[in-house]
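Okay, here we've got a single chain as structure tokens, the form predicted alone, with questions on binding and movement later.
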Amino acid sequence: MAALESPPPGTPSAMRHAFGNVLSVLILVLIGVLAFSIRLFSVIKYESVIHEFDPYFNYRVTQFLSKNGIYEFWNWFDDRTVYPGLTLTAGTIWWVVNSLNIPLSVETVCVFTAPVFSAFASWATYLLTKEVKGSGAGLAAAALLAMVPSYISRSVAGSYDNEAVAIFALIFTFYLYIKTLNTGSLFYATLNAIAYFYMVCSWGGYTFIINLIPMHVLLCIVTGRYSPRLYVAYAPLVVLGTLLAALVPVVGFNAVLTSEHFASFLVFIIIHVVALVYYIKGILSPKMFKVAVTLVVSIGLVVCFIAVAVLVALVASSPTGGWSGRSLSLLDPTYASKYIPIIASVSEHQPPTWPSYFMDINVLAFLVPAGIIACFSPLSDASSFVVLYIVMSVYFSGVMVRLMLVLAPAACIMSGIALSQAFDVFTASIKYHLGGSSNSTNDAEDNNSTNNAPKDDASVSKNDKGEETAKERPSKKGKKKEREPVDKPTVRSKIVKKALVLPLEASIVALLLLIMLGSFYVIHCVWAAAEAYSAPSIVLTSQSRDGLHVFDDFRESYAWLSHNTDVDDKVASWWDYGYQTTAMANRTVIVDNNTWNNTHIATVGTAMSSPEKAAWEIFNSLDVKYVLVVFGGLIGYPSDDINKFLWMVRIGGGVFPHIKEADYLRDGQYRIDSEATPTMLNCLMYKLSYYRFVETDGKGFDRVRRTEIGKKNFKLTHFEEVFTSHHWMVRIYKLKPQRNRIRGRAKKLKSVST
């Protein structure tokens, strides 16, 4: 416990220790300010507005929460598909600031929630990395996470999505797990379960936690690193975490019935068997231990067999093996494209390209291997966890580009460890060559002891208490082994320290190169924050010779719907625009971004893929009054409905077999010119997008597809154009009323009688 005690007051080491703590706090404050401010480019360059499509539903729900209270909210919102963590967090912040007489609107709170929590995530990264490799590595990792583009892409001001708070919850849960693992404290174990509960409330990615931690526990058991601290870190998390997770309506009994959670239960049984074996070993003689362990292992195998049989029965009763569609698409990257095209149609569910890694984590991709190597010298339970974390996150990020977000914290932790270790070696070498060899050696030893010794001593103290209560006699040998490296620094360690001394010139050049590398990283991150990830999707801009052009067609169209249609009118569009239409136009939509109802979305896709008359019948049966399409052929906007149309065909054809993708392709190619198939030229999506388009330039040249359209002059028979935005990006059509069949039948009867 000597290493944990602070130096005597008044000594130089005490002053240095106090100054280091104050400096660390100051640096952390600056890192938090950096994390917050670098995400404000979207507000400075554009305006305070919600970004993307999904966040508009979260904003609408938060408005309801702030007006009606928690009880009305809990009974109103969609409790089967929506995670309430983000909404409750923003609603609580709004209530607190207004209680302090700070007049902030709900929209303002929603816009700035993500930047605030990015600062929290940076501080949580510091705490996690400090538990692994010391405060120097923690500060470096926190600074890297504050600027990493992958995280900025989902946390800029206005990005009011679940990931805004979920990444903080993910990192903080991992920190509390490592803290519990290092200390064996039941207090931190309880906090860990609460943090996991907050993560479950916030994002479906909580399944990553409940699978990664059991994998680490199993790894520790297999490699002979079991300890009472490991049991305390894991068992309460499974019990309390599962009970709390079941309280979240969107999860419910899925916390114990789906395959994503079965690994945690299986490892829970295994760790109890191992704990029982270690306990028996401590109280019995070797001969009795052999008899007892045979009995325990036999009973354990029977229990495991029964548990596995129950799990297999549950899995066999499900057509997907108890896995959700998104989980199966992670385990089998081809699954979504084969069976669930609606998941494969989302751009962020596609595999990333190699350039996207350099774009999103930049130079961290080159520092991660060095960080992994540093974690093995020496290897501890905490460092093995972060190694497992980086390995699993690299795999999942390679399957789905959205999960680059999960990779970012792991890459920052590893890079922070690598930079910290490198700076320690280079600065110690420079000090050694400048005449302070003895001082540099002592400093290096002091740094090493402050980084590693507290954890070892803390773990020893916790083990001492646990051993005294459990009366585990043989574990005293382990205490001596743990104390030896800390209490008695050997001559060999000093030789190793001197062996790490590099030439003076090489150390100076290496430091300069690291500083240049950090400068390039900062420049890239600022550029990504200012240019690549700050533009809101609802307001588009384009730079040309004439200057900056702003395309505000989306809000123009939603305003038209709000002022020129009845409140009860229903609007049909592709599901991407559902949440925005509901929140900004206050109109009911047929499908929205809540994509759990595949049949409903397939019906809209079938209508868009059908001829005009058949599409009118489908929409009329759904009581639709208006149809909205997004078209980018005039200004060159590539994310329009024509480019998404094949996914409409695939999703519709998955439910309605008469819709076949081959009918819309010419020799396997998707075309809209004169070579397009008749099915393509006569479908509703083609007609609603290109109606009167030839009037813009006399040719009908599509700037996105870079070709002239095939069918130029045609008229609509069942739909009428009621609105086209300024840049033709949004077009709204009204269904023509049904013909008066009674009057027509009367005329027919009259003609027959005459």
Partner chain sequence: MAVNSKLLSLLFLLATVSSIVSASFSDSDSDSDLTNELVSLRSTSESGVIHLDDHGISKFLISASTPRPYSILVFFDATQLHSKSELRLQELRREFGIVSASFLANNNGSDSTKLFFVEIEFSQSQSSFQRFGVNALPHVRLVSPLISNLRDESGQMDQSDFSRLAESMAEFVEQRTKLTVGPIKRPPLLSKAQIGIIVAMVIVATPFIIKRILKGETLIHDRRLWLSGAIFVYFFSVAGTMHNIIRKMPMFLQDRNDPNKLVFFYQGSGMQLGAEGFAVGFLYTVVGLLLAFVTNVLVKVKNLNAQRLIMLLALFISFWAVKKVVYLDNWKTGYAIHPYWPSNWH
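This one's a predicted model, so the numbers in the text were calculated from it and none came from an experiment. Positions refer to the first chain, counted from 1.
Keep in mind the form predicted together with the partner chain is missing from the figure; the text below concerns it.
*Asks:* Taking 4.5 angstroms as the heavy atom distance cut-off, pick the stretch from 543-551, 619-627, 601-609, 365-373 that is near the partner chain in the predicted complex.
*Replies:* Only one stretch qualifies here: 365-373.
*Asks:* Consider the chain as shown here, without its partner, and state which of Val394, Leu634, Val539, Val82 has a heavy atom within 4.5 Å of the partner chain in the predicted complex.
*Replies:* After the contact test, the surviving option is Val394.
*Asks:* Only one of Lys570, Lys660, Arg402, Arg555 gets a heavy atom within 4.5 Å of the partner chain in the predicted complex. Which one?
*Replies:* None of the other options qualify; the answer is Lys660.
*Asks:* Gly578, Met584 and Pro678: each with a heavy atom within 4.5 Å of the partner chain in the predicted complex?
*Replies:* No residue of the spot touches the partner chain in the predicted complex.
*Asks:* Although the partner chain is absent from this view, report whether Met516 comes within 4.5 Å of it in the predicted complex, heavy atoms only.
*Replies:* Contact check for Met516: yes, within 4.5 Å of the partner chain in the predicted complex.
*Asks:* Would Glu348 sit within 4.5 Å of the partner chain in the predicted complex, counting heavy atoms only?
*Replies:* Answer no; every heavy atom of Glu348 is more than 4.5 Å from the partner chain in the predicted complex.
*Asks:* Does any heavy atom of Thr353 come within 4.5 Å of a heavy atom of the partner chain in the predicted complex?
*Replies:* Within the cut-off, so yes.
*Asks:* So in the predicted complex, does Leu257 come within 4.5 Å of the partner chain, heavy atom to heavy atom?
*Replies:* No, Leu257 is distant from the partner.
*Asks:* Using a 4.5 Å cut-off on any heavy atom, which residues of 510-525 would contact the partner chain in the predicted complex?
*Replies:* Going through 510-525 in order - heavy atoms within 4.5 Å of the partner chain in the predicted complex - the hits are Ala510, Leu513, Met516, Leu517, Phe520, Ile523, His524.
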